[in-house]
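Just one chain is shown here, as structure tokens, and it is the form predicted alone.
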């Protein structure tokens, strides 16, 4: 058994509106700064610390938790789960 940090990143699928990203981009455009930036996408990240037998079992358990609690909507979200040694 070991402790693992598991990061769950939730982003909108391509084609799904990202109002927060657009607002941040518009702010840059209005200020006239950072004109090389043409698009900003936002994401939500959840950071778990969990005790499991392996990184893979830690990722699997966290995915199970997220699915059980309906943390994201699979119709509009892309989810990436990464595990690291704690």
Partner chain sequence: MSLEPHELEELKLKIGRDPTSTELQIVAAEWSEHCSYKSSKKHLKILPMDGPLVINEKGYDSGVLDVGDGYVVTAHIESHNHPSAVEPYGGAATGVGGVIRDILSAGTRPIALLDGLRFGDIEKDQHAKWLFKNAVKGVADYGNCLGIPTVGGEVEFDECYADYAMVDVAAIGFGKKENLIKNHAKKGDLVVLMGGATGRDGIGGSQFASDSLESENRSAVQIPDPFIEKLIIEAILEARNEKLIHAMKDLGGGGLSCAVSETADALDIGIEMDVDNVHTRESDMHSDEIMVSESQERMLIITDSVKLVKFQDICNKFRIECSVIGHVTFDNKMHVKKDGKTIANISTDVVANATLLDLPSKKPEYLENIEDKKSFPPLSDYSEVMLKLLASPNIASKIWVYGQYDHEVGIRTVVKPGYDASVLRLDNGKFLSIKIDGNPKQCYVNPREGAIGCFEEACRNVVCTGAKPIGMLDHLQFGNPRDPEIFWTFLESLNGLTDFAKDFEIPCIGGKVSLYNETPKGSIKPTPVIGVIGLIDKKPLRVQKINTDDCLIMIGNTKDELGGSEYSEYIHKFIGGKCPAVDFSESKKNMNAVLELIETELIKSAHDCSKGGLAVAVSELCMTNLIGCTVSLDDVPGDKMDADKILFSESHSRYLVTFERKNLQNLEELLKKHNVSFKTIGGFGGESIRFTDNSKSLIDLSVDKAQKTWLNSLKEMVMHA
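Positions refer to the first chain, counted from 1. For the two forms, the rigid core is made up of the largest set of C-alpha atoms that agree within 1.5 Å on superposition. Keep in mind that this is a model prediction, so the values were computed, not measured.
The discussion below concerns the form predicted together with its partner chain, not included here.
Its partner chain in the predicted complex is approached by residue 16, whose closest heavy atom lies within 4.5 angstroms of it. In the predicted complex, at least one heavy atom of residue 22 sits within 4.5 Å of its partner chain. Looking at residue 73, you'd find a heavy atom of it within 4.5 angstroms of its partner chain in the predicted complex.
Within 4.5 Å of any heavy atom of its partner chain in the predicted complex lies no heavy atom of residue 53. Contacts of stretch 30-53 with its partner chain in the predicted complex, defined by any heavy atom lying within 4.5 Å, are made by 31 alone. Core-aligned CA deviation for residue 43 between the shown form and the other one: less than 2 Å.
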